[in-house]
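The form predicted alone is given below as one chain in structure tokens.
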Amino acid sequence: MSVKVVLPEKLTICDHPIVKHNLGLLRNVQTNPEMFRSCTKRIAEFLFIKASEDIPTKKKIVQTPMMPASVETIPDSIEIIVAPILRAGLVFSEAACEILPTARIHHIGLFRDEETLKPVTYYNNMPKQVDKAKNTYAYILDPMLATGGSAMAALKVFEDLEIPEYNIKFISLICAPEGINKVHLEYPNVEIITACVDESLNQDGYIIPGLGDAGDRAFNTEY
């Protein structure tokens, strides 16, 4: 049974035809790991470009081969943090690094306890503080937003760094309504950017129809 999303205005669904096509390939159980990674990266590029649309720019004058010209660039005062949730978020971070090579990459290692469905942190190399919190833009990358447990744990890290909610984006391949609702009830100003919102979760906390375990499929560790 479908679950209603509480705050659709804080949800951006990227429905570009290339995104739809690659998502269809990801869902197919016959798609091999190499193709799975390629499709994930392709979708991630679209999602990350969409998510980063509001990064501020500043005008300055540069010299072209012909004459001076006014251009807009991201000022040095802006800090950008990309935080992939391990493991599957690593494929996302490749796309983010290509688009914004000056971004700081900080990894968050989480896994879900299969009995409690709660996140367990096993790695975190986030800084203890940031000097320019209000000028920091953060992007959390996780292919699956299911129960919302891992998302909440990652968001708490950025909350503790005092980065404003409206500067934080959560980027995911597919989402379950339950996860979206959970995030927005606690963090109403965090925008979620995704390729699709699926029907709901099954009794084991997996997204349906979903695409399986993104980490296992990307890194060929399904048995």
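Note that the structure is predicted; figures quoted are calculated from it, not measured. All residue numbers refer to positions in the sequence shown, first residue = 1.
Another form exists, predicted together with a small molecule; not displayed. Remarks below refer to it.
Not one of P75, E79 and D131 places a heavy atom within 4.5 Å of the small molecule in the predicted complex.
Contact with the small molecule in the predicted complex, defined as any heavy atom within 4.5 Å, is confined among 94 to 102, 81 to 89, 67 to 75, 123 to 131 to 81 to 89. Contact check for T136: every heavy atom lies farther than 4.5 Å from the small molecule in the predicted complex. Shown alone here, M144 lies within 4.5 Å of the small molecule in the predicted complex, counting heavy atoms only.
Although the partner is absent from this view, D213 contacts the small molecule in the predicted complex, with a non-hydrogen atom inside 4.5 angstroms.
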